[in-house]
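Taking the form predicted alone, here's one chain by itself in structure tokens.
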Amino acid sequence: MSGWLTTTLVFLPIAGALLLWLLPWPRLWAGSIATLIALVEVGLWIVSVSGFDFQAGIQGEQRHAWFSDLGVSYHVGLYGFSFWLVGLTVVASAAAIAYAWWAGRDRPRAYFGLMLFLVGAVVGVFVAQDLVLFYAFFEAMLIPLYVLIGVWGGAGRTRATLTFVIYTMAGSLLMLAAIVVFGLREGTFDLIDSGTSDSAWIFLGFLAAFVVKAPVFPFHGWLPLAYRESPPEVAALLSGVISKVGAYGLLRIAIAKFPEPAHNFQVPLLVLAGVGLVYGSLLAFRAPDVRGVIAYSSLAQLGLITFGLFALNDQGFDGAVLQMVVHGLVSTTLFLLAGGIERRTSTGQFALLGGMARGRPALATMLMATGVIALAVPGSAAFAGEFLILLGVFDTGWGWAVVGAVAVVLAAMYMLRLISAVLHQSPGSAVNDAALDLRPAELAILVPLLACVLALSAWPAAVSERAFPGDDAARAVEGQFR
């Protein structure tokens, strides 16, 4: 895989954003151009699949001196697990941008430029192999999210934006301090050239940023407002993609660069993950609206992914990476479906919904299929990911596996409640016969997402057995990434 292809995946959407902002495009063209660029991004990633050797180490490297006096460089490259997360990003982002184009957002040049800039920043996080470069992309994500939520969000957008920024900035400042200390101690900020550290304080500095971004309980205070007040496609990216940045940081930096502190803090982090897993599931079951269920289910799923990461063994790592990809696709689909429901009924409240299966076979089929996969029925990709994670934490202690199993049962309960409340109960006051079924344009966006999930359900090993080079994922994390 060429290093230029890696760089193109980062800067193509950023260049597209600048193109939209600087030139006076007609209103209709902005969404068209953004969607085209997003689809080209997907095409480039698909092309790169054929040239990627999943049994090798880092690939698609490109390195140039940036601040030579400080030992900072533009260094990008991809491992197997980060390659799949880039794929998740470009696919989910293409669907989100296409949905926004179909929905007809106002001030389209600004809106779609921000969406493309966000895509480039997220891909940059996943490919960065220098800590300063990683931090630059990590912080760059905040700019478009701040504006997208604060300008195009719902009635509570101001509070949602401030809460999100305060939480994120607090974690980011601690990470910046950790990066400076780590880089000065190692004599380099490069993730490949630097060694590992046994400093618990530096580890905690990185951890603070990642558990907020994920989010992991109890650092999820920004989640309910942000997910509810964002435009549906922005909420889809927050849940499906941005949350995986936090999980990726835990794997790529917190665990790989601080193996001793990761082992020392394993039990407290498993406790937080377990509490978040059960707590998020209970809140999802009690949530009064569609977005609330999806939002709190994301909190629970990130708890499960953290379970897998801090099992610190092969099955846990493989299951966590698979679950990141699967949950990202499922959550993106569910939030876009929630947006479709809100467009038809002007609400997401269960008390006002119901009976939408009648006369709307496409909506019913998409929601049923995605919801059933989300509750991890045997044979689905979600089941494969959760099973691997439970195997991993069982090796750490059988009690953790019991907590995970309980949460899996709760997941089935809240997803079935969502499906029933929207499709099968008596129609509420917001539902009438004039509410149309999913349109062909919506199906063109949603069906490929579901097809990706079904493909992974047929072959989950495509991700789980190709996330790490060799057979020993734990050794790869603690050794190969040095």
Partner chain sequence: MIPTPSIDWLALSPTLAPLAAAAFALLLSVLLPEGWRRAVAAFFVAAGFVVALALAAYVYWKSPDARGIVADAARRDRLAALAQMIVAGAGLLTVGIAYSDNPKQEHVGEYFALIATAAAGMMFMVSASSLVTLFLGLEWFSISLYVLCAIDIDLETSLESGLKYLIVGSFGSAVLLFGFALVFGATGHLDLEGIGRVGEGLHDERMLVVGLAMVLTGLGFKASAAPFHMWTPDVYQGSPTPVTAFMSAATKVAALVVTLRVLNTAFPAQEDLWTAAVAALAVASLAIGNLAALVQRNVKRLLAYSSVSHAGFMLIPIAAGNELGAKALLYYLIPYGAASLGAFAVVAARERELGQPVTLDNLGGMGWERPFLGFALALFAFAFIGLPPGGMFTGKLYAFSAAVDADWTWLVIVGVIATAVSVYYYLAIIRALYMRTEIELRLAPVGGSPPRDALLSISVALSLGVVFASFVFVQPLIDLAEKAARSLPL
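Positions refer to the first chain, counted from 1. Please read all numbers here as calculations on a predicted model, not as lab measurements.
We do not show the form predicted in complex with the partner chain, though everything after this point is about it.
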Mind telling me which stretch in 134-142, 289-297, 353-361, 254-262 gets its heavy atoms within 4.5 Å of the partner chain in the predicted complex?
134-142
Residue 377 versus the partner chain, in the predicted complex: is there a non-hydrogen atom within 4.5 Å?
no
So, in the predicted complex, is residue 70 in contact with the partner chain at a 4.5 angstroms heavy atom limit?
yes
Hey, in the predicted complex, is residue 192 touching the partner chain, heavy atoms inside 4.5 Å?
no
Hey, in the predicted complex, is residue 402 touching the partner chain, heavy atoms inside 4.5 Å?
no
Could you check which residue among 204, 162, 267, 412 gets a heavy atom within 4.5 Å of the partner chain in the predicted complex?
162
The one option of 278, 271, 200, 110 with any heavy atom within 4.5 Å of the partner chain in the predicted complex is 110
At a 4.5 angstroms cut-off on non-hydrogen atoms, which residues of 150-176 are near the partner chain in the predicted complex? List them in order.
150, 151, 152, 157, 158, 162, 165, 169, 173, 174, 176
